[in-house]
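This document starts with one chain, in the form predicted alone, laid out as C-alpha cells.
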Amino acid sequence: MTQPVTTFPLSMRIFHWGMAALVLSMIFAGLAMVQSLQTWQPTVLALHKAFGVVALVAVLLRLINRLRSRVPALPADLPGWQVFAAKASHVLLYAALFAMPISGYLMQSAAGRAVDVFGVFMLPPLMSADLVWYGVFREMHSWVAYALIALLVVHIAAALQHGLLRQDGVLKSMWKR
C-alpha cells in the first residue's frame, strides 16, 4: 500500500517559490513601468518582456510537473466550500499565469513589435500592427494582472490561515520536507 504524501515534491516546491519570486517581480516591474517615463523604463520593459517568455515556459513546465506528481491531500476536516475554493483558486491561478504572458505577447504583436528574449532570439509578431487589437490586448493584460494580484492575495491569505490559525500542515507541505 502506498504511503500518503505529506509534502510536495522538491521539484514542485522549487517551481512554486521560483515562480512566486518571478511573478511578484514581474508585477512590481509592470506597475512601476506604467507609472513612469524615467530613463530606466525601456530597460525594465525589455527585461519584463524577456522574463514574460521565461514565465510562460516555466508555467508550462510547472503544469506538466504538477500533473505528473503526487501531492498531499487537503485536510479531511476542511469545509467543503474551502476545498472548492482551494481547487478553483489554483485553476484560476494557472489560467492567469498563462494569460499574462500570452496577452503581453499578443499586445506586442498587435503593436507590430517582436519580443527580444535576452538577445538570444526574437519572437516575431503574430500579426500586422493594429491599434484596435493593441488596445484590446493591453486592456486584457491589465485586467489579468489585477485578477492575478487578487488571486495572489487570496492564496497568501489562505496559506497564512493554514499555517498560523489552523496549523494543519498545509503551509509546511510547500515550505519544507
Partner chain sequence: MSMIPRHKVTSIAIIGFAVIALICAFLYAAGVFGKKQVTAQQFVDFQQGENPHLGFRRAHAKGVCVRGDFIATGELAAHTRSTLFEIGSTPFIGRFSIGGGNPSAPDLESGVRSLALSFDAGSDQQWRTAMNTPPVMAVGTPEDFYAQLQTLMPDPETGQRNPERIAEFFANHPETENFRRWSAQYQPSGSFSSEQYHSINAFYLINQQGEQQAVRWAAVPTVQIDENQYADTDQAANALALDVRDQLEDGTIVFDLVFTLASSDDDENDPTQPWPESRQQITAGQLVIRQLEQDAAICNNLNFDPLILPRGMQATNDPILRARSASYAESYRRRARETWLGKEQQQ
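Fair warning: this is a prediction, and the values are worked out from it, not measured in the lab. Positions refer to the first chain, counted from 1.
Here the subject shifts to the form predicted in complex with the partner chain, a form of this protein not shown in this document.
- Contact annotation: Ile149 falls within 4.5 Å of the partner chain in the model of the complex, judged by heavy atom distances.
- When contacts are judged by a 4.5 Å heavy atom cut-off, Val132 counts as touching the partner chain in the model of the complex.
- Contact between Gln161 and the partner chain in the model of the complex is found at the 4.5 Å heavy atom cutoff.
- Although the partner is absent from this view, Leu37 contacts the partner chain in the model of the complex, with a non-hydrogen atom inside 4.5 angstroms.
- Taking the partner chain as positioned in the model of the complex, the residues of 88-117 that bring a heavy atom within 4.5 Å of it are, in sequence order, Ala110, Ala111, Gly112, Arg113, Ala114, Asp116.
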